[in-house]
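We begin with a single chain expressed as structure tokens, specifically the form predicted alone.
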Amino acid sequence: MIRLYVENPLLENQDVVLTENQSHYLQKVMRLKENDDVLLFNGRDGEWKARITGTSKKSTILFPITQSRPQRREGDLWLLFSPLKPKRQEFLVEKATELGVSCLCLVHFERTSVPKVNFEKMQAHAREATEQCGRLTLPEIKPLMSLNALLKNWPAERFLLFGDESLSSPSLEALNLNPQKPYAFLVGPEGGFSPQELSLLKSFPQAQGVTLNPHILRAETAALVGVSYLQMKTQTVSSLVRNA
């Protein structure tokens, strides 16, 4: 069944009016009509089965029937990366969303080669991936910031892991992760961290470098390796702690 993210509150017997773009998608692309059902979610009220009760050229009215899934807390894992070329960034945003990343943060480094970011497209890609993968919440997307600004405002409770291409840091497997802590994973730009940036990260008390692979990985590959491992490791450990 088609899933759509909406801003509206989702309550039983309270109509939801879709945007013009969403109406076009349902009526013209998916060929849905009155009395067809879709799933709606807004990141707050769970997921609802809703029925199309009215259509016009630019709008669609949906009537929520029943809640199919209650709202639940999802993962709390951040991914931080340098802006990438559009197709590669679209791929990374899609896959990070599917893997459950809760926050995407763009960081400007000395060797960042992409100066501008289309945040509207980035948010659209994240929303589409969320609709397709079954998540109940959209990942938060933070504005572009410098590495210095990022570390200056870093939350005290969150631990930062970063991919260290120098091979001088321990492997991911060697880390003793605390499942009670929230984590973030940072990958550098295509040209790698500058010596000054690497020194800054290594001296930051809440950060730890990690070696991902003996080979140099592309930024999006490194990001997904780090996120996948962290998600698997912390979720597995958390499950063991809960069941002990």
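Model, not experiment: these values are computed from the prediction. Counting begins at 1, following the sequence as shown.
Separately, the form predicted in complex with another copy of the chain exists; it is not shown, and the next lines address it.
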item	value
4.5 angstroms heavy atom contact with another copy of the chain in the predicted complex for D76	no
R127 within 4.5 Å of another copy of the chain in the predicted complex, heavy atoms	no
4.5 Å heavy atom contact, L160 to another copy of the chain in the predicted complex	no
Any non-hydrogen atom of C133 within 4.5 angstroms of another copy of the chain in the predicted complex	yes
Another copy of the chain: the contacting residue among T55, T211, Q208, S194 in the predicted complex [heavy atom, 4.5 Å]	T211
The single option of R218, R44, K33, K181 touching another copy of the chain in the predicted complex, heavy atom within 4.5 Å	R218
In the predicted complex, segment of 116 to 124, 145 to 153, 161 to 169, 103 to 111 with a heavy atom within 4.5 Å of another copy of the chain	161 to 169
